[in-house]
Each structure stands twice: as structure tokens, then as C-alpha cells.
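Only one chain comes next, encoded as C-alpha cells, the form predicted alone.
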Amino acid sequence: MGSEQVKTSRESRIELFKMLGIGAVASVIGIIAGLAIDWFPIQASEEAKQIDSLWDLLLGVSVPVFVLVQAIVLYCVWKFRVRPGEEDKDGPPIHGDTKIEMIWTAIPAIILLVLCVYAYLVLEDIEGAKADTMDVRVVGEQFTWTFYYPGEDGKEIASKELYLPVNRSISFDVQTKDVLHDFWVPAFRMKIDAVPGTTQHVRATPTREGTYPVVCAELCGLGHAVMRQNARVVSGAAFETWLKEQPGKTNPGATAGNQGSAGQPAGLSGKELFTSVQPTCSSCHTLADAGSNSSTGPNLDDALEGKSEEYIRQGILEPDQQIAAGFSAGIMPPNYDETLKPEEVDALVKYLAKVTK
């Protein structure tokens, strides 16, 4: 009897080592595959590097746990499956191992504690105050963002594009005029909800010059998908030049002299305005002449066919006064009278009237 127990014990250890070996090999493969995948967009801020490092650590810890558990489960399903003729048999009476239960409870608890402490330290470092921080007020509304910079005369300077100096800490004060939005620059990794009635705060330090998308990460209505603008990270000197050229509170986002609304070059044709001014008309509407086929808003080839310029103008400046069948109010941004100059509105109206006759 004693020799049988020794044999059973030896076989159990062999089976255990087999399961652990399979789990270890699968874990290594899983970690390599997980780290090889390019999960995120390019890193463009100090915070992005820290957050990506935290992600890699979480991946390196969670993959072995998941793979090991699944390997053991699948191995046991295969090894100890019911054989033909054993359908009515009960398994052998066994009793739990208290030592093993304590181990598999303590180890995950320690792992979670270490991960929580590390994540807390990363969060504290990201949110900590930094010297030479610039404040930018971010205001969301259906379905656009407006960015406000402090001016020398105490008045805010508004822009429809987010311009930022590289290697300088930025404190974003995030607000909303209507519903819940979420301010997110994926390349910065930082995001935060814009909650009605409150001001939320988030920091980021851009470290790479370039143009990066600004998106809303909270479903905020039918036009949510087109609530996109750009964050332009430029040198400190270029940013100061851009800021000095801004015309203050009028025509937010326009650059004096050579820029039109929303940071677009002046003198754009109606078709160029339709396809380039943020948020773009072409991202919501179908219009054959512009090559757009979105169905977020009405098909303009049908909705504007034979309509007067006055009708089209009102549809742009007062969109909720004319609701097409099958659509509801609040889809189209209501502030094109602010983001477009009068001559740009005229150009857009004439273009739409011409191509939808």
C-alpha cells in the first residue's frame, strides 16, 4: 500500500510539472506576442511613455496568470475526462489542501498590491504640478471643441484647433455647454470627461511636434463620431507667433492675415470649405460633387435639390429650424456663425446651391 501511495504521489508531481511547463511556455509566447503588438498610437507626451510602461507591466503580469490558469484547466479537462463506461461513477473523495489555498490567495493579493502601488505612483507623477504650466480651457458642445487661451489683455483667445508648445506642461480645464463629453488626445494618452456644471482638470506635456487628433470619447449624440479636431504641437517660438496673430474673441480659430476660420487657409472655395473646415460637412452628409457618402445627416443631393440660397443659409446657421425627415434636432453644430466668416458662409451657400440644382 505504501508503494502505491509513493507511485501515486510521484505521478501527481509529474502531472503537476507537465501542467506548469505547458503554462510557462504558453505564458512566454503570450507575453512576447502581447509586447510585439502595437496597441497604441505614437507617443507624443511625457505621460504617454509612463502609461505605456504601466500597460506593459500589467500585460507581463496578467498574461502568465491567465495563460497558466487556462492551461491547467484545459489540461485537466483532457487528462481527467470521463472515459467510456465511467459515466455513472463518482470521482474519488478528496479534501482541499489548506496550504495550497493559502498560497493561491496570498500570491494574487501581493501581485495586486504591488501593481496598485505602482499605478498610484504613476498617477501621482502624472497629476503632480509642474513649473511653467500653461492653462488652456477646453469647452465641448454638440459636436465640436473650442479651446481658450489667456490673452495679454485679460480676454480669452478662442480657437477651433488646439495649438500647443512642445515640451511645456499644459493644464486643461475641461467644460461642456450641454451634455457629457470626453476630451481625449490619444497620442497624449490623457483623457477626462467634460461634465455639465463642473470643471474637470487634466495635465499633459507634449514632447513631439506634429498634428494629432482630438476626439470625444463619450457618446454624446448622433453626431458624436464627427466631434473631431486637431492638436498641433509646435515649437515654443512658433506657438508664441501663432498666439500673437490671433484676433482675440472674434472668429475663434482664425489666424490673422493668412488664415480663415478653424485654422484653415483664407480664400477657400465652397467645395474646400465643405470638405476641410472642422467639423467637416463631408463627414456627416452625402454630396456627390464632394465625393462624400456619410449618413449621419441628410443626403444633401436630395434635401437641397432646388432649394434657395436663403433656405441653405438658414440650414447652416440655424440647423434646428429645418429638420429633415428621419433626423432629429441637435445633430449639426449650431455655431457655424462663429467658426465661419460671412464670406465663407456665402461661398459655402453658393456652392451647395449650384451643385444641388
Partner chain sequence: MAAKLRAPGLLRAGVLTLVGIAFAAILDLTVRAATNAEPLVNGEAITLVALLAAPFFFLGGLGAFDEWLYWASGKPSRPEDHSGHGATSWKDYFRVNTDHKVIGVQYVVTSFFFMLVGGLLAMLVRAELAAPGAQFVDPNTYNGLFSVHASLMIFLFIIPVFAGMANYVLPLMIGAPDMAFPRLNALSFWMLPIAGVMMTLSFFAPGGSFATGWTAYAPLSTEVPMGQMFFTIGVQFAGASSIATALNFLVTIITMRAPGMSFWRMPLLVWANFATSLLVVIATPFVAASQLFVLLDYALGFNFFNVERGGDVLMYQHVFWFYSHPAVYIMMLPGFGIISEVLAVKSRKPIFGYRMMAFSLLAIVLLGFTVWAHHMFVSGMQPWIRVPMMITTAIIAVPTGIKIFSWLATIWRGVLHLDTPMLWSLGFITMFVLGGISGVMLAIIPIDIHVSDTYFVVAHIHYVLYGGSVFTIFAGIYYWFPKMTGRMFDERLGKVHFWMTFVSFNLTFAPMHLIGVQGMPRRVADYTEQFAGWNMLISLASFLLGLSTLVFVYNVVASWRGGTRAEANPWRAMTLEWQVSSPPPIFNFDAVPTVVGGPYEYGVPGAVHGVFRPAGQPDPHAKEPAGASARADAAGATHHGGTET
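Positions refer to the first chain, counted from 1. This is a predicted model, so every value here is computed, not measured.
Quick note: we don't show the form predicted in complex with its partner chain, though the next part is all about it.
For Met19, a non-hydrogen atom is located within 4.5 Å of its partner chain in the model of the complex, even though that partner is not displayed. Its partner chain is not drawn, but in the model of the complex it has no heavy atom within 4.5 Å of Tyr163.
Proximity of Gln200 to its partner chain in the model of the complex: non-hydrogen atoms within 4.5 Å are present. When contacts are judged by a 4.5 Å heavy atom cut-off, Trp242 does not count as touching its partner chain in the model of the complex. Heavy atoms within 4.5 Å of its partner chain in the model of the complex map, among the stretches 102 to 110, 268 to 276, 152 to 160, 232 to 240, onto 102 to 110 alone.
With the partner omitted here, the residue from Ile170, Val138, Val214, Val179 that has a non-hydrogen atom within 4.5 angstroms of its partner chain in the model of the complex is Val179. Not one of Thr133, Gln246 and Ile323 comes within 4.5 Å of its partner chain in the model of the complex, counting any heavy atom. Contacts with its partner chain in the model of the complex, taken as any heavy atom within 4.5 Å, map to no residue of 307 to 322.
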